[in-house]
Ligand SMILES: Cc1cc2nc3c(=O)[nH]c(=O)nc-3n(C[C@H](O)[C@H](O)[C@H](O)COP(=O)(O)OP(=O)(O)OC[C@H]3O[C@@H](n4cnc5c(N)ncnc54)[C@H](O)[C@@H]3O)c2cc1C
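Only one chain is given next, in structure tokens, and it is the form predicted alone.
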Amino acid sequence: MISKNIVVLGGGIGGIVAANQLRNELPSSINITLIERYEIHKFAASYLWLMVNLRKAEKITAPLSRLVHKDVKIIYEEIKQIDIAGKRIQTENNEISYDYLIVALGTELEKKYLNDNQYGIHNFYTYEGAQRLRDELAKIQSGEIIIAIESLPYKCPGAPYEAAMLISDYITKRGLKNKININLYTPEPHPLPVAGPELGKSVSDLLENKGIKFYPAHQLKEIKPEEKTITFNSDLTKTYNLLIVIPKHTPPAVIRNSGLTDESGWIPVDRNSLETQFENVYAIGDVNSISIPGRWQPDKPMKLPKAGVFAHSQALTVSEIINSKIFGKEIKSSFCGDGFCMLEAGEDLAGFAYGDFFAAPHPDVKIKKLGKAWHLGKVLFERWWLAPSGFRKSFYKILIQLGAKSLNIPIKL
């Protein structure tokens, strides 16, 4: 009987999917351990709805144990060291050896603009931040709302644009559309540059139609909370009543000290297998770095976006590869680079962006017309994700494949 130890680091989307998929497919002699410091899982994709009071905070959380297969061992501790040479993980109170390692630790947020004492600066990238922002949005009666992207990369490339449109919808429902201006500043040349100018133009048009002022190629330089001003590298200074910052995303500290990263700080992987430079060590989701064809600026090669859909599909790929390796089977699985996103636009409407991010000479991404069906699809996914693991199983893969086929969308997972 084969006996192996598989360790998964991180209880986000990638980690949960990988642990469940492996447990569903492998015999009980294969030990699967998931290490995650938080016992309560918070569904980050719903923070935008929480921000505009379309969700109650407690409705977008669930005990991690409910989402993970009952025969996966969960260790609720902080990871202190990843010892690649010794093939072991050191936590607060345990040392765990592995034969196969899946790193799915996501990103951390730089705390520079997350300080509670900096009045008027908010974010929706944390559970607590989205709730504080919800309370501030409920109070504002007039003035300037500024959304500013601090740096690249950041999780979910569409999120700042969705946030602007959802806030616009929220303000309109409060009867304040003519009293509050919404401004979005980004260092990017246009929205979602990794998806190409055509999709960027579509999103720009959506913003314009909602009266949202969009300012590309504006790099945040300085914020003075006491004066409520924000300055950009062009030396443009604007005054705000409410400021929303998309904070700098960084690799977790334990990753930076692991020997897995390159000069960027992220973990480079083979784009097909998601394997790192070390055999049987894989990195999936936001923590990895995958080069893709094209450049969004002459000196900036493009990287695969950091998004939950990629963490999900990469988890499935790695699970199948590990399964094949354990049993000496031919490895047929490969991460294909397909991705999609339901882009929330307010008014219970969403667009559907999809395409091949490995396409040459640049990603081939298209967007479907706004519709309520795309919004409903996002709602259904939220409910499904927070359901017990036994209910979910591999239904997601079947649902997406059937939906993609019926809509003639070439998405493969």
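For clarity, every value in this text was computed on a predicted model and none was experimentally measured. We number the residues from 1 along the sequence you see.
FYI, the form predicted in complex with the ligand isn't displayed, but the following is about it.
When the ligand is considered in the predicted complex, only one residue from I182, V72, I79, L260 comes within 4.5 Å through any heavy atom, namely I79. Scanning K368, K378, H362, R55 against the ligand in the predicted complex with a 4.5 Å heavy atom cut-off leaves one residue, K378.
Looking at A307, you'd find a heavy atom of it within 4.5 angstroms of the ligand in the predicted complex. In the predicted complex, the ligand stays beyond 4.5 Å of every heavy atom belonging to L220. Using a 4.5 angstroms limit between non-hydrogen atoms, L105 touches the ligand in the predicted complex. Of the heavy atoms in K155, some are within 4.5 Å of the ligand in the predicted complex. Comparing 32-40, 350-358, 369-377, 55-63 against the ligand in the predicted complex, the single stretch with non-hydrogen atoms within 4.5 angstroms of it is 32-40. In the predicted complex, A311 is the single residue of 310-345 with at least one heavy atom within 4.5 Å of the ligand.
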